[in-house]
Each structure stands twice: as C-alpha cells, then as structure tokens.
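A lone chain, given as structure tokens: the form predicted on its own.
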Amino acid sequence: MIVEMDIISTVSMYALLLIPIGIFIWLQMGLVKETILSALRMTVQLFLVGLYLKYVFQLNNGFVNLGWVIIMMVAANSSVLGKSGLKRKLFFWRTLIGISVSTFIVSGWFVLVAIRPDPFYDARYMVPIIGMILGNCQRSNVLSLERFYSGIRNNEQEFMTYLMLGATLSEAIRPYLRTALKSCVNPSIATMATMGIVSLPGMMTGQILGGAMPMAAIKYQIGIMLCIFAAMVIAAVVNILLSLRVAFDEYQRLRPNIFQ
C-alpha cells in the first residue's frame, strides 16, 4: 500500500530549494529566478499531466495514447534545439525524426517483445516507458548536438585541414562525432556500472513503493536502462547525421547562421 503525501507534505518539499538558492546567491550565479520558475513550471505541468493521464489510463485508446506520445516528442525536440543553441527552423524536422526513430524502435522492442501487454498499446506501459526513454534521449541529444557543432566551430582550422588533405565530410566530422557521442553516453555508462551499489534507480524504487516485489522491479529496471542507453546512442548519431545537410554549405564549411 502506498503512503500518499498530502498537499502540506508536498509543499514542504519546496523548502529544500532554499539550500541551492542560497548557494546561488552566495556565488552570484544568477540562477535564482530560473530555478524558481523551473520548479513552478514543473509543478503545474506535472499536476496537469496527472489529471490528463488519469483519463488516458481510463480510456486506454491506442490513438489517444499515440497522440500523447507525439506531443511529448515534439516538446522534447523543441527543448533539445533550444538548449543546444541551434536554430529550430533549420533542424526541427531532422532532429524530430532522430528522436522519434530511436524512441519508437527501442520502446517498441521493450513493450512488444519483452513485456507483451494486452492490449499492446496499454497506456500504463506505453506512456511511462516512452516518457522515460524520451526524457533521457532529450538530455543526451542536447549534449551531443552542442558538443558536436561547438567542437567544429571552435576547431574550424583543424576541421578545414582535414578537408584540404582530401578527407570527405563524413571522415572529417568523425573525431567530433566520437567526442560528442562520448560526452553523452559516459554518464550513462558510469550510472549502469554503479547501479544497485551506489544508487537505487527511479523506476525500480517507484515499483517497489507501489507494492511490486523487488525481483520483478529489478527486471523492469534492467530492461529500461538497456533501452535508454540504446536509444541515446541511436538518437545522438541519427540526429547529427541528419543535420549535416543543413549545417554545411556546398564547400563543406560550417554555416554560421545555424546557431541561435
């Protein structure tokens, strides 16, 4: 049985923000307003989503579930481009394809092959699993796109030297692609290596708090972590490769107008 938090208990959790806010003020980091607004946005969005998902779970319609997933993907893609510093109008559809392909392939395998719920579009499985995979892809894509294009821009002479020595565009970008991919997957590799010893992950903890047996929760956690890692790698590589056509001109030079 779940011990529910009442409104007063939930509100009391905001007191913890006083500690990081105090540190930001002390260090004059200028993140106080951004932190408060982000926390308020999170609260409003989660409560609205909670109300919405209540009816989504009750209705459990495949088209409604798919519509909600598409909304999540569009929102995640917009956030990725905003945080990576790239212009939305140039990259939006390309990065959306990358996120969608990786998320649908990996989550489809998890739901249809590993879990096999009945019906297969059951909102209790489809929406949370895709949400977890998509959220991690969002963070990794921000990091990989930003590292890839900032790496080329900051080392433009080196990049042009590769091209002048006869390298193709795909060969010239490879060192920067490797760096970008490492930067987005290294934290996940470290997390997987210490999971269960250093930390108890969120999905497993949530299932145990919801009354599931620990071994059942562990199986789900293993599955979701492998899915997240695979989706992060696929999305990062596909997004970068699909973005090359608009990022470079006919002379294989990085276009300066791609950045916000």
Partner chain sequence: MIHFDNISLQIHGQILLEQAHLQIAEGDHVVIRAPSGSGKSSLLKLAVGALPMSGGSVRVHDLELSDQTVAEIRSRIGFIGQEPTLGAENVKDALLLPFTFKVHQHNKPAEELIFQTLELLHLERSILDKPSKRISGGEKQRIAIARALLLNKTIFLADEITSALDPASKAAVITALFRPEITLLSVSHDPDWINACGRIVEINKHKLTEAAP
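Note that this is a predicted model, so its numbers are computed, not measured. Residue numbers count along the first chain shown, from 1.
Keep in mind that the form predicted in complex with its partner chain is not shown, yet the notes after this line are about it.
The chain is drawn here without its partner chain; in the model of the complex, the stretch among 152-160, 121-129, 71-79, 137-145 whose residues come within 4.5 Å of it by any heavy atom is 152-160.
None of the heavy atoms of A114 is located within 4.5 Å of its partner chain in the model of the complex. Taking non-hydrogen atoms only, A167 approaches its partner chain to within 4.5 angstroms in the model of the complex. In the model of the complex, its partner chain sits beyond 4.5 Å of every heavy atom of Y14.
Residues of 237-253 placing a heavy atom within 4.5 Å of its partner chain in the model of the complex, in sequence order: E250, Y251, Q252, R253.
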